[in-house]
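As a starting point, one isolated chain is supplied in structure tokens, in the form predicted alone.
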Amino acid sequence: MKVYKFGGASLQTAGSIRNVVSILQKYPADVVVVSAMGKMTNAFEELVESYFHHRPDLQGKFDRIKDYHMDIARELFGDNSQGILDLEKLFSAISERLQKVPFVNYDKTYDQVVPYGEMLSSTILYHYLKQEGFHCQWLDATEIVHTDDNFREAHLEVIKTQENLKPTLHTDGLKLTQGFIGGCKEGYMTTLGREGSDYTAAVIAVFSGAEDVTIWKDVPGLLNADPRHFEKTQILSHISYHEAVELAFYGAKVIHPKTIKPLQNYHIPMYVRSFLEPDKPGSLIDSATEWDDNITSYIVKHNQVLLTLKTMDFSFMAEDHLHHLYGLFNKLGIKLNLMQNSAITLSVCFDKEEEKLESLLRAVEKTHHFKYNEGVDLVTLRHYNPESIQRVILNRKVLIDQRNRMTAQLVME
């Protein structure tokens, strides 16, 4: 049993989809998990913004999404086909949703729109696979992947999901489903967090007893840095589950943070390979640790907020005070990427989301003085050395420098 996951870059054009099918012809799989096509998750997020805030550009954004998918579908299998009819049904469902009053809860509203990106991409790929002679079964992840109702960061209901998957995983032919999305018992769609398609693939691999999982990307394997921001990147050809978890936790975009743990528990190796050069071996993640510290890895999070809170009454930032503040961060859905406290101050770094920042400042303004910097960068270095530190701080203003034995984190303007 082999499980593959194809991300948005591998599905962004008709030519890309033909390439995916050629990979499956040469390297057969049993289960394929797909993301939304190209940058469609971003496009659907913009659609949700316009829908939720009743903006006049809603219809234009919907039309652009529809045209993008329909143009690719027509290039692959023409105007008159079952694939076109199935896509029209999905767009009708999206249109109906957009005519309803949004939920007060933004995250719940988000999850009733954004998952259609995966539904559309998997529908197009399914019909093209059928056209090319594959015996293929399309599985609806919103009915199979059972979660709680923690919208946008839903938690898997393991037993129910396993029960749903059992009847289908060991049937004949290729199984095609969607990553990133699921459904809760109330009948609403949910999402597992950005890049959650990797996690879906890992869960299916565990429940099917797969031999391995392969994530197909537009890079030659796991790289020690984003080539868009760093020159002379290196491939991490072989790292351990532990190192992969650390890299994912700090924000490496190749792997979702929740992906590795289930694979580690069941000793299922993961490969990261290039769909542009499918004959190359890529990177391997398994239990071996001897190569972990050979190369420094650089992880950059842009558009961060650095917030410093100072108690008005000069009370200490002790355990009870920190417990209250961390509870507030959790309540507002703010994930902290860095924390540092002194006697009466707490500094935290997190992704900039305007509404959450405003809610946080309102919640603390009567008890804390605060100041914050927007648009800063958080750079994390795994297995750092003096040369690597100098490489990232050159001509930068460092606001926080935090280091332990293996990892350095720097917040910089």
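The numbering used is simple: start at 1 and walk along the sequence shown. Only a predicted model underlies this, so the values are computations on that prediction, with no experimental measurement involved.
We do not show the form predicted in complex with a small molecule, though everything after this point is about it.
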### Task
Tell me the stretch among 169-177, 72-80, 317-325, 193-201 that has any heavy atom within 4.5 angstroms of the small molecule in the predicted bound form.
193-201
### Query
Is T41 close to the small molecule in the predicted bound form, meaning a heavy atom pair under 4.5 Å apart or at it?
yes
### Query
Can T380 be called a contact residue for the small molecule in the predicted bound form at 4.5 Å between heavy atoms?
no
